[in-house]
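Single chain ahead, written as structure tokens, the form predicted alone.
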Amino acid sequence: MFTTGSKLLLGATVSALVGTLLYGLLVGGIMGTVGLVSLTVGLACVAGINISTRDANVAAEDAVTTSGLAASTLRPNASIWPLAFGVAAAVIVLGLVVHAVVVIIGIVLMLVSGLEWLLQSWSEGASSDRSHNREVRSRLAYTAEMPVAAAIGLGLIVFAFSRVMLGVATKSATIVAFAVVGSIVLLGGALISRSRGLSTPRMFGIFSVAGVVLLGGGAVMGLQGERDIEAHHTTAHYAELDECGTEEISADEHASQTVAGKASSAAEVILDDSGLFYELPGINQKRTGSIQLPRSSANNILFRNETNTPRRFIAELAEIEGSPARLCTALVEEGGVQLLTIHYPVPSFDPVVEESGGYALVVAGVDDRIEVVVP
């Protein structure tokens, strides 16, 4: 017995077939004929599907044998995973134009949404009881979903929070913002712990609003970019630029003015009102002129400033490949001590060293110098 929908679709299919034959015989246009043939085939397919499903209608006399009919099956639950799958496909297409990382993100999203979609479809066919199906799905999926979701959520919160902190105008404002946000979180947690009758939907709403605010703030700050942070270079950077002078540089800020007693120094260079000289360990005798130091080993040189002017200690080396042309300390204040570790790669009689003026230990702004002899 054909249903009403099947009859209508069969009639439309026959009408389209007749129209196709008449058009082909009388007019003969190729485009029109192809279009009418396509229409006829499409209507025939829809009619076949409608007949096989009996228009989703169940006759009263078939009530005993309706277990396998479409009308007797449960309606699928609403699912967001088909939409997520489509969005992931769009992200992949967008990534082909923007960046390869976006393509990888789209592939990951597509795999996750596809697995979730497949899992939901499988659980809905477990039985005719929807509550049992939900329990089956949760028992299988929650052990993997909850830790992964928590890790992703925590990562997003930390990243968004970092963008907010780095987007604040100044470092002081960052400290204030961090204290304010921490106080709000602490106060909110205390209030929630006291409200023992707070329902789950309200809790979910509160945390959702807080998450949206945090992620939105992170997105806004991320688009604005990080605040300008002044670069703080080491003394090696300024030595490479030949800026080891008497002027104060960023490396001098909060520089240490003491050295541990176990520094194992090869010599101690001292600058006082009488000039620049050095003393060898265990020999309390002032020496000037030149000093002999070993090659291809670490030479720890202590510099002590006994003048009332901050001074910078400099080791003049040579333009040798793989070795800096000079090394320097931060500014040494009155009575301060700093350590400079020097490696001499070649002897002092090497032509490159002689052309550069030889090895020497000097102090910026002072004419005295100590020649270094490296055998």
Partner chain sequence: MSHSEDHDRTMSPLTTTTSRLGRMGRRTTLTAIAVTLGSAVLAGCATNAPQDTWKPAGENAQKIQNLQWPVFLTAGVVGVIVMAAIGIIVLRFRDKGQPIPEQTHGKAWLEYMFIAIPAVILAAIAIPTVGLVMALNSTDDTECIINVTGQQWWWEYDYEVSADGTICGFAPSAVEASPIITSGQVVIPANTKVLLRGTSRDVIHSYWIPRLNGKRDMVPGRVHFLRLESDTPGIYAGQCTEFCGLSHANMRMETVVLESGDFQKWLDNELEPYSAPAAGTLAAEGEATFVAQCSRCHQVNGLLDPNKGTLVVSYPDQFVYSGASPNLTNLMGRNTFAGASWDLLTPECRADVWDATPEEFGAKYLAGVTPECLNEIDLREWLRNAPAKKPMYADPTMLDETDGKTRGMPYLGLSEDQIDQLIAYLLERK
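Positions refer to the first chain, counted from 1. This is a predicted model, so every value here is computed, not measured.
There is also a form predicted together with the partner chain; it is not shown, and the following applies to it.
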**Prompt:** Does the trio Gly86, Gly114 and Arg134 actually contact the partner chain in the model of the complex, every residue with a heavy atom within 4.5 Å?
**Reply:** no
**Item:** the partner chain contact at Pro294 in the model of the complex, heavy atom, 4.5 Å
**Value:** yes
**Asked** Is Arg287 one of the residues lying within 4.5 Å of the partner chain in the model of the complex, judged by heavy atom distances?
**Response** yes
**4.5 Å heavy atom contact, Ser121 and the partner chain in the model of the complex** = no
**Prompt:** Closest heavy atom of Pro347 to the partner chain in the model of the complex, within 4.5 Å or not?
**Reply:** yes
**Message:** Given a 4.5 Å cut-off on heavy atoms, tell me which of 279-287, 204-212, 157-165, 100-108 is the interface stretch with the partner chain in the model of the complex.
**Reply:** 279-287
**Fill in**
In this chain shown alone, the residue from Ser264, Ser195, Ser274, Thr170 with a heavy atom within 4.5 Å of the partner chain in the model of the complex is Ser264
**Fill in**
None of Ile152, Val185, Ala298, Val176 but one has a heavy atom within 4.5 Å of the partner chain in the model of the complex; the exception is Ala298
